[in-house]
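Just the one chain here, the form predicted on its own, laid out as C-alpha cells.
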Amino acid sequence: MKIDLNGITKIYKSENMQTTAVADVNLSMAEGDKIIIIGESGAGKSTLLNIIGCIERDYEGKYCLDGTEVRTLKRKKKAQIMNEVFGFVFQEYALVEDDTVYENVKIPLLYGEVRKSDYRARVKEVLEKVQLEQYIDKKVSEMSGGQRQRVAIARALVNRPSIILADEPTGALDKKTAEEVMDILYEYADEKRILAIVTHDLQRVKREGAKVIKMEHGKIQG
C-alpha cells in the first residue's frame, strides 16, 4: 500500500471569507512508514489526515492511493476502502456509550465481508491485542478514559487495515496510558503497514524510526 499526495490544497469558503487549511502539500508514505504530523491548533493537521482517510473530499491537487487516483473512485468503492483499508483512531473515541464493547468494536465488520458467525471471534482477537478481552460485554459508559481509547483502537483494527490514521490519540490520556496506547499502535503497524499520527505533543507519541513532519499555516515545513 502506498500514499502519494501532490499539491494538495484545501480551502474553506464562507460568504465573506476563505481560509486555507492545507496549502500545496506533497507527501508520500509506503508500507512500514510511521509518520508523525505535529503543529499547533489550526495548522491543518487534522484536515490533512481527513483528506488521506477519504473523509474530506473537496480539495485541490492529486491524491493517489496504491496507484489509483482517489477522485476517480466511485462512491461505493471509496466507502469500501474507508472501511477496509483505513483504521481511524480519534481523540474523543467516537464510541456509542450505551452499547457494549462488543457492539462498538464490531461496527466496521457490518460493512465488510466477514461472516456474521465470525464476528465475535474477530472481536475477541482484537480485544486481546488491547488487553480488554474480559470486558467484551461491558458497557462503554462504565469504562475509564484509557479503556475507552483502547476500545476505539480495537474498533480501528478489527478489519485488519493497512493504514492507521490517529488524530490526537493520547490527548485525553495520562502519561502511562498514553504510552500503552502508542505501544499498541506501533506494534500493530510493524513493517507492513502505514501509521500516520497527528499530535501537538511529540514526546507522547514518538518512537524510534518514526518520521516527524511539522505543519504551520497549512504547509509542511522543511
Partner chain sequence: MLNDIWLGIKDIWNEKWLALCYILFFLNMMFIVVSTTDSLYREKMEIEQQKAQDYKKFETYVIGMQPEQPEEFLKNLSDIYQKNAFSYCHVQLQAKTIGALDTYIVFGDVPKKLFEKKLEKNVSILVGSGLAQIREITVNGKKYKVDSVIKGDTEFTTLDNATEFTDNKVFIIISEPQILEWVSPENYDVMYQLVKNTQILSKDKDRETQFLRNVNTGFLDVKKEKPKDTEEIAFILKFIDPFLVIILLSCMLCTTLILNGMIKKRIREFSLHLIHGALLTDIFIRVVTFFVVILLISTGIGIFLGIIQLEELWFYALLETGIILIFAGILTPKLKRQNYSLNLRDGGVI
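Because the structure is a prediction, the values reported are computed rather than measured. Residue numbers count along the first chain shown, from 1.
What comes next is about the form predicted in complex with its partner chain, which does not appear here.
Peer 1: Taking a heavy atom within 4.5 Å as contact, would all three of Y12, A94 and D99 count as contacting its partner chain in the predicted bound form?
Peer 2: Yes, each of Y12, A94 and D99 comes within 4.5 Å of its partner chain in the predicted bound form.
Peer 1: Is R57 part of the interface with its partner chain in the predicted bound form - any heavy atom within 4.5 Å?
Peer 2: Contact with its partner chain, yes.
Peer 1: Taking its partner chain as it sits in the predicted bound form, is A121 near enough to touch it, meaning that at least one heavy atom pair lies within 4.5 angstroms?
Peer 2: No - in the predicted bound form, heavy atoms of A121 and its partner chain never come within 4.5 Å of each other.
Peer 1: Taking heavy atoms only, is S162 within 4.5 angstroms of its partner chain in the predicted bound form?
Peer 2: Contact check for S162: no, nothing within 4.5 Å of its partner chain in the predicted bound form.
Peer 1: Should R71 be classed as touching its partner chain in the predicted bound form when contacts are defined as heavy atoms within 4.5 Å?
Peer 2: Looking in the predicted bound form, residue contacts with its partner chain do not include R71, since no heavy atom lies within 4.5 Å.
Peer 1: Can you name the residues of 33-55 that have a non-hydrogen atom within 4.5 angstroms of its partner chain in the predicted bound form?
Peer 2: If the 4.5 Å heavy-atom criterion is applied to its partner chain in the predicted bound form, 33-55 yields S46, N50, I55.
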